[in-house]
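One chain comes next, on its own, written as structure tokens: the form predicted alone.
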């Protein structure tokens, strides 16, 4: 082979290594603040509107478009009516728990109850929370006392009714559906049932091995 061709082949072979060397260099180099080289910048720099800005193109003048009616986030279809809406197929309040009532569920319910409910209803659910006591002390005449959760009225309500009360509020009680996830709402309902049972318990409800501790 003529010597000039050997030189050309060697140069071409060397050039084929350059792209791979550049890739390896960039792969192991520390991240730099400088913008990378943009050969086709169309997808990086394009006209766009920032959030909460105006856009005269639309009739309402908003750049941020509202979700179409019926839009559901991925994985959030929530087809289980008992779990998410506390209703049966016939649209009545469910009377059963859609989650297993376990010790961990009750513990979670107590924790959430103490955070969201006890300020008004009290730690024992008797309606004597610190907010109520403060309002009573002010004597402004505009305060509606919280309901005793162990009262006959509340005890007689279905579990779905209690869940819906937490979700949507009732009379002067605000809605907590935007703050408390569905599973935690059911945990609170389970704990309220435990408070009701404790307030109306008899000695026969206590295991025989533990009855001596109460005497």
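Fair warning: this is a prediction, and the values are worked out from it, not measured in the lab. Residue numbers count along the first chain shown, from 1.
Not on display, but discussed next: the form predicted in complex with a small molecule.
Chemist: Given that the partner is absent here, state which listed stretch (67-75, 118-126, 133-141, 88-96) has heavy atoms within 4.5 Å of the small molecule in the model of the complex.
Modeler: Of the stretches listed, the one contacting the partner is 118-126.
Chemist: To verify the annotation, which of these, 29, 52, 168, 172, has a non-hydrogen atom within 4.5 Å of the small molecule in the model of the complex?
Modeler: Exactly one residue meets the criterion: 172.
Chemist: Are all three of 106, 195 and 211 close to the small molecule in the model of the complex, meaning a heavy atom of each within 4.5 Å?
Modeler: Looking in the model of the complex, the three residues 106, 195 and 211 all stay beyond 4.5 Å of the small molecule (heavy atoms).
Chemist: Taking any heavy atom pair closer than or equal to 4.5 Å as contact, tell me whether residue 145 reaches the small molecule in the model of the complex.
Modeler: Yes - in the model of the complex, heavy atoms of residue 145 and the small molecule come within 4.5 Å of each other.
Chemist: So in the model of the complex, does residue 180 come within 4.5 Å of the small molecule, heavy atom to heavy atom?
Modeler: Yes.
Chemist: Please tell me whether any heavy atom belonging to residue 157 falls inside 4.5 Å of a heavy atom of the small molecule, as the geometry stands in the model of the complex.
Modeler: Taking the distances in the model of the complex, the answer for residue 157 is yes, it comes within 4.5 Å of the small molecule.
Chemist: Tell me, yes or no, whether residue 62 is in contact with the small molecule in the model of the complex, where a contact means a heavy atom of each within 4.5 Å.
Modeler: Taking the distances in the model of the complex, the answer for residue 62 is no, it never comes within 4.5 Å of the small molecule.
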